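As a starting point, one isolated chain is supplied in structure tokens, in the form predicted alone.
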């Protein structure tokens, strides 16, 4: 990284979170500075001669013209290393627990706190030895960061060579863990500019699904591992519940939750619930593989704007170790509002709805940092890591035509559109299968056919067609009434109801229903398909639709989601047998 070059200036004007300073000739864009007598952290966002405009990451109340501004010439960076997991940071990576001073419940301004504890002892197990040649990205040793995650210590960018000395046992943040023959060294911590993507060997195609355990996502609207999904929805449609369910049940190694501009009570729920959640796979607390970055709606907007970049930088760091990382951003609308406020202070030309014209460019830069990648390093075994982004969006009034949603749709491969009507009917997840889509499904279809079942893609197509036909039949029913429909159309309504209630609806509060394996999802579809096929055969043989609808076997279908995933195939075969027996009896009447 660039060596710090200190430049001092004087505050000329203050307007909200923006400060104009003079005497700043020689400073560079997007470098940090300490503003005023109390040293508020800021970032340079405009240069004009010897004038620099800064966005300040803290409340500027009380600042006065004539106070000093000190620029260190360094970009806004994240500190990376063991100790990130289980921590709660603000948008510029200050640990919230360390910022609580005395009995004052509010965060004091001007606090400069090292994100990671320099004096904490870690047990380092070397994987390299004296004389080994290493390069950027190579793993030189491991540290048990939590009981769940092993931290893989990597050679930082720009370092490497022949190892002259390597430590073993207890180390701290100030130790030279590895010393190279050219005199350079590395410790357990490294820093990285948050607005700069971490490099990789190459990006890999989206060929594997991001497994959530939620049937509507995994079967109908999947997102690829290393892909992007956006979750737009109005107030009360369950965006935060979706992200928390994915954080708990998705098959991922690391979860990073960025609460960007959300209400304080929602962030409080996250901070109180996450430590109590248990990882279903390991039985350990979910917090052992979680990092939380929070900026409530009453915190400075500049720090809110930086928070998603802080989160994605930490995600890339663990991705480079070879882990699968899920980044939950909640919500990008609040981030965009912060961007709009900063832009207005700069008197920039506004775009649609007052957002800056470069909104789409910045969003694209954020989404493009997701991906499944081959990590840097000369290791004989390839390390594959992935960063999957799940971004919630809060469009005003649930209007998906607003700029943030529309800009995000250009970059995200999956849209999980939340529907207020479904949410009010207590249908969870409240995902509209008519509005939502997945651009990854074609790429993932080979995986579904190979790893789930040869006819899984065909079953998914059948379900999508059934839901589409239901929408068409309901439009007709609104005109002529359900009783006037043909019996085949009434059967479509009944089967689609079973599909919606038993398959698409899912409860995270019921243990057996909170997570569904692909085997269970496949056999649930087989059962629903068998119900419709047998019912159609019974209709053709002269049975009445009312008898088919009133068959006791239908209630059996509506309860199958509460069966355990383990051994569900046998239960499904039993249900299919009951369906065939029931409708064969109808045909014989």
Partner chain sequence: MDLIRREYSTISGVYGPIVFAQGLVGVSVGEMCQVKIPGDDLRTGQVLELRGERAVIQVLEGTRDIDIVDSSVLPKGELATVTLSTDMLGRTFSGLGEPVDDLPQIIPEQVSEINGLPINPAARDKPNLFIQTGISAIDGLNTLVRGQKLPIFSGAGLPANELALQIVKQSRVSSGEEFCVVFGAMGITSRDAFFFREGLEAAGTMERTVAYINLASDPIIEKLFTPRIALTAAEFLAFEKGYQVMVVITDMTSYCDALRVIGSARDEIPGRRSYPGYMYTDLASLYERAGRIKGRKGSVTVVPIISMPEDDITHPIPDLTGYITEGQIVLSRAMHRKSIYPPIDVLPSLSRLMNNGIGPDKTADGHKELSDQLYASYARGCDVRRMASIVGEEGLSDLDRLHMQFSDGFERTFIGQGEGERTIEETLDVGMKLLEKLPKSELTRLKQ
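Positions refer to the first chain, counted from 1. Keep in mind that this is a model prediction, so the values were computed, not measured.
There is another form of this protein, the form predicted together with its partner chain, and it is not shown here; the text below is about that form.
- Against its partner chain in the predicted bound form, the set 108, 264 and 294 is in full contact: each member has a heavy atom within 4.5 Å.
- Not displayed here, its partner chain is kept clear of residue 222 by more than 4.5 Å at the level of heavy atoms in the predicted bound form.
- Proximity of residue 75 to its partner chain in the predicted bound form: non-hydrogen atoms within 4.5 Å are absent; the residue sits far from the partner.
- Within 4.5 Å of any heavy atom of its partner chain in the predicted bound form lies no heavy atom of residue 565.
- Put simply, residue 334 is close to its partner chain in the predicted bound form: some heavy atom of it is within 4.5 Å.
- Note on the interface: of 118-126, 454-462, 175-183, 345-353, the segment with non-hydrogen atoms within 4.5 angstroms of its partner chain in the predicted bound form is 345-353.
- Out of the listed residues 272, 486, 130, 112, 272 is the one that sits within 4.5 Å of its partner chain in the predicted bound form by at least one heavy atom.
- Checking 268, 471, 361, 170 for any heavy atom within 4.5 Å of its partner chain in the predicted bound form turns up a single hit: 268.
- Along 43-67, a non-hydrogen atom within 4.5 Å of its partner chain in the predicted bound form is carried by 60, 61, 62, 63, 64, 65, in order along the sequence.
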